[in-house]
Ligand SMILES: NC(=O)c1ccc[n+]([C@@H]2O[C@H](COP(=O)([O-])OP(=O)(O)OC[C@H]3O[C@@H](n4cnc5c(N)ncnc54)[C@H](OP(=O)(O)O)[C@@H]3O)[C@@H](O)[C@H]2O)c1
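Given next, in structure tokens, is a single chain: the form predicted on its own.
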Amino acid sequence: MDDSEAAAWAALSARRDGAGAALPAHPLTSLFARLFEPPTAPDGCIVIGRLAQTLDGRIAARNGQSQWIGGPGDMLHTHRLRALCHAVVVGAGTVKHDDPQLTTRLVEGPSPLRVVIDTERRLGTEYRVFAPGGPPTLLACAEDRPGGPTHGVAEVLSLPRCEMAGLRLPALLAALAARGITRIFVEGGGITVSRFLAQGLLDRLHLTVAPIILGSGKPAFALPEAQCIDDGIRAGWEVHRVGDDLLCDLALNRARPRICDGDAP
């Protein structure tokens, strides 16, 4: 990290829980400063989705293994997003296949609240996010699932179901906002990010494209089948170089794919 990047990161870090100093002109601040803009959604949250994919749109091998599609620069970017946000959200599949810690080991800055979405409450307590010694964890599951108020060291948050599949994510955002958790990083996986997208809850999407052709595996997005191009979303974007990868910063502004005008998948 050169001096200008270190200064930019220090200024951004100071903004996490307060106004901080003015941000210097730097590609790093142009990428992250939008996280600190006033929320425009009624829930008061800024929600940023995140995926790393191959050139052919895969986020994992067929068996679910995904470490590491992005290179070292992409990993650093992910840890920076964790440090700048109040909460990091992942789905049960990410926990099952990767057993992540979801901490800020690669950068200076606090680790966020960890939120695991496990609708059916199927995960065991052996994963690191549920073990003592790390940042606090919330387990979000359907309100009709049996079980106690804790899961390992995690607090259980019971939420209503979406009619099609998964949870009603506006209820999750409302519950987090009530705790003062308003800058929310949806780190993955593809199904979790897709459900936020389908319910019109992403302000921005950071999509890393790595110079890999896999030829098979899990697609980046899981949405209802489109019948025409207009069923998708065409978003404004900026492209940044992150090591050997390309990072696409898309302004979604809570847009919802037309194909998802019904309930989310």
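All residue numbers refer to positions in the sequence shown, first residue = 1. Keep in mind that what you see is a predicted model, and the values were worked out from it rather than measured.
The same protein also has a form predicted in complex with this ligand, omitted here; what follows describes it.
Engineer: Residue-level contact is defined here as any heavy atom of the residue lying within 4.5 Å of this ligand in the model of the complex; does Gly93 satisfy this criterion?
Structural biologist: Taking the distances in the model of the complex, the answer for Gly93 is yes, it comes within 4.5 Å of this ligand.
Engineer: Would you please decide whether His97 lies within 4.5 angstroms of this ligand in the model of the complex, comparing each non-hydrogen atom pair?
Structural biologist: Flag for His97 set to yes.
Engineer: Even though this ligand is not shown here, does Ser111 get within 4.5 Å of it in the model of the complex, heavy atoms only?
Structural biologist: Judged by the heavy-atom cut-off of 4.5 Å, Ser111 is well away from this ligand in the model of the complex.
Engineer: I'd like to check something about Ile69: if you look in the model of the complex, is any of its heavy atoms closer than or equal to 4.5 Å to a heavy atom of this ligand?
Structural biologist: Yes.
Engineer: Gly64, Gly232, Gly57, Gly44: which sits within 4.5 Å of this ligand in the model of the complex by any heavy atom?
Structural biologist: Contact check passes for Gly64.
Engineer: Heavy atom within 4.5 Å of this ligand in the model of the complex: which of Ala177, Leu157, Ile191, Val107?
Structural biologist: Partner contact (heavy atom, 4.5 Å) among the options: Ile191.
Engineer: If contact means a heavy atom within 4.5 Å, which one of 177-185, 79-87, 119-127, 149-157 is the stretch that engages this ligand in the model of the complex?
Structural biologist: Of the options, only 119-127 has residues within 4.5 Å of the partner.
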